[in-house]
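Given next are two forms of a protein chain, the same chain in both, each as structure tokens and marked structure 1 or structure 2.
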Structure 1
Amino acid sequence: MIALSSNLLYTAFFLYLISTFLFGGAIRDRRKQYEKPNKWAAIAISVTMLGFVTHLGYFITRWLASGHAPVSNMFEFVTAFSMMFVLGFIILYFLYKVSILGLFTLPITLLMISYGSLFPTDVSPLIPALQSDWLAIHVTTTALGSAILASSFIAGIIYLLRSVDQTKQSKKTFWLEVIMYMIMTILAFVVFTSIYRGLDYEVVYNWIDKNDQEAEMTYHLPSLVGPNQGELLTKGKMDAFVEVPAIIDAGKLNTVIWSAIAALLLYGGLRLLLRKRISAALQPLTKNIKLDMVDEIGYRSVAIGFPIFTLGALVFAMIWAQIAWTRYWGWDPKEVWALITWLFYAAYLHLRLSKGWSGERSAWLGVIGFGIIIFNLVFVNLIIAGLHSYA
């Protein structure tokens, strides 16, 4: 059953990959863009839906095999989140019939699945705190809500690519490039980590931690920065150039630096190849879209996602916290960041409805909102310790 489940996930991955190209084809086909979706688009959305069905198949079979909702660790959450992300896209596609959404949603989905796959993928039994029906209820609702909110990021990016003037350099073009670079950093992280994992690369350090205790630290990438008073134990491997104080996690910092450097090379290479900004190179893809429609898609996803997010990440979360942790609210970092996400989208809605922030400003907000969701998903789990650090 587990083997079947993993195979279904692989299948979904490849189907999404194929539909990315199909959506690319749908954009290239300039005939009758808005009258009717063209043949390419029809095939592309069908393949996407097939991908979604296999993705759902992965989810269900894994649930059956393990006996609990597969949302109990980082890998499982990210794959569930990406599944909801695709679901959100399919809904939006049928509401607005815009092919370009797929061209941007699916690569991000692929990136998310590969990112999640870097974490342990084994089926794991539940620790006592997670043994509750609320695991399935709270986590899936939260994932669905965040995924729909995240769709406004896709709409925002498309809006900005279309509307920002690329003929001259400005703050806007700069920040768009920053977004492109960030996406490449994640790509670089995934590719780099996978390669070195394939090579079974390992460097072990003996170091002194912040409590003055000796400890060992294992690197899975060549070490650029070493731990406090680190002593290289593995022979024949590159030693670090600098040492960081004990309060900083040298291993994580090292990974971040590698990803940043690799992304810089990737970005620089692409810039040299294209001889223009990445966002300028992507701009032609967005030539045929209607700005007001994309703006509304972004807003619509927030309008649909906000109540679901509130229900999952705050209401259900509080009910479960009352049962499992004795109190509905305890200022745990993950709780606080769910509140921050909620406050952010509440501000978004007020700015839009009462202050008339639509169009470009709304698009930027959609991008920032996605940043907050990803921050909560990745950094709060991995960097800030708290009750939610299960992964």
Structure 2
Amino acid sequence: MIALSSNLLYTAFFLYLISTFLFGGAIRDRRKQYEKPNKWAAIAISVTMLGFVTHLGYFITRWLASGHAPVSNMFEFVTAFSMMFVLGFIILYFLYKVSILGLFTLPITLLMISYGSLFPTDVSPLIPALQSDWLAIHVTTTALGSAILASSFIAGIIYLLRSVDQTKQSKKTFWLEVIMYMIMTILAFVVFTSIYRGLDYEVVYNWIDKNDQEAEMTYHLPSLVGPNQGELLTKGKMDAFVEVPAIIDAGKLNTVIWSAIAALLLYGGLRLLLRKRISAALQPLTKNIKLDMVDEIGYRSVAIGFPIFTLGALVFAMIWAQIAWTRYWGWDPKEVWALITWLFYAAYLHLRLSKGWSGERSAWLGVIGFGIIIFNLVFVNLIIAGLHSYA
């Protein structure tokens, strides 16, 4: 069953890759009217839906094989989140028939699946705190709400690429390039980690954890930062330049730093190849898009995703926290960032409805919101020690 589950995920990945090229064809075909469905778009959305069905098949078969909802570790959550992300796109596509959404959504989905696949994929028994039906209720609802909210990022990026003047350098072009660099960071993480995994690189440290207990930590990349009171046990390998407190997962932080460095190299190489800003190179793809429609898609994504996220990340989470830990709220890092995410999108809706923040300002808010979601998913989950930390 596990083998079938993995094959279904690989199939979904392959179908999403095909759909990306098909949506590219949908844009090139009848360029002046590409926001309307054409034969390329019809094939692309059909292949995307087939990919989603196989992705859902992966989710169901892994659930049957493990006996619990497959959202208990980093690999499972990211693949589930990417599945919800595609579902949100499919819904928005049938509402608006905008092909360019697929051209931007599916590459992000491919990156997310690739990213998640670098974490341990084995099925393991749940720890006692997670052995509850609330695991499926809380986490899957949170993933769905977050994924629909994240769709506003796609709409926001398309809006900004279309509206920002790329003929001169400005604060807007600078921040657009920062966004491009952050996307490159995920790609760099996938490539860089895959290379060192293929080389079987491994460094082991003995360290003192936050409970003042000795433990071992394994690195799969050269160590730039070391664990608290770390002692290098692997001979002939580079030792860390600096130690970090026990509350920080040094191994994961080390990976993030290497990803940032690799992203700089990748971004610099692309800039040299393109001889222009990456956002400027992407701008022609959005040439004929209707800004009002993209703005509406971004708003609709938040309007739909916000109540779902509220239920999953706050209401259901507090109910489960009361059952598991006899308290509704405990200021755990994950809980704090879930609240920050909720407050941000509440502010988005307030500014949109009460202050008239539409268009470009709304687009920037959609991009910032996605940054908060990704920070919560990556940095808080992996690096800051807490009750919700997993990998």
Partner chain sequence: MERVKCDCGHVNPHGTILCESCGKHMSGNFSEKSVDMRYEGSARRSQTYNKTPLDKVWNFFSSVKVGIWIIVLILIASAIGTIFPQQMYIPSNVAHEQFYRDQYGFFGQVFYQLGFNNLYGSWWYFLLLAALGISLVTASLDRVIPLYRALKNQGITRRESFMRRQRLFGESRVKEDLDEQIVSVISKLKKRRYCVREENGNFLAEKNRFSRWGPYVNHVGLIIFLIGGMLRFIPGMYVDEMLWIRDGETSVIPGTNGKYYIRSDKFMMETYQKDQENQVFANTLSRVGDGNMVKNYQTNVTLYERKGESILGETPELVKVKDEQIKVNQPLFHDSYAVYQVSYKLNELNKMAFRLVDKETEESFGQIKIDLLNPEKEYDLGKGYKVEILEYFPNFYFDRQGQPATQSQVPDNPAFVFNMISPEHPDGERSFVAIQRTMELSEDNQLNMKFENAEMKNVSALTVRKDNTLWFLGLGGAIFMIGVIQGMYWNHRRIWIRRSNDALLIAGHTNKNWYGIGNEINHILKATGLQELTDQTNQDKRN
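Computed from a prediction, not measured in an experiment: that's the story for all the values here. What we label the rigid core is the largest C-alpha set whose atoms superpose within 1.5 Å from one form to the other. Residues are numbered by position in structure 1's sequence, first residue being 1.
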| query | Just one of these is the form predicted together with the partner chain; is it 1 or 2? | reply | 1
| query | Superposing on the rigid core, is the CA of S194 displaced by 2 Å or more between structures 1 and 2? | reply | no
| request: For P107, state whether the C-alpha moves by 2 Å or more between structures 1 and 2 after rigid core superposition. | output: no
| request: State in degrees the rotation separating the positions of the smaller rigid part between structures 1 and 2, with the larger part superposed on its C-alpha atoms. | output: 20
| said: Once the core is aligned, what is the C-alpha displacement of E243 between structures 1 and 2? Give it in Å to one decimal. | reply: 8.0
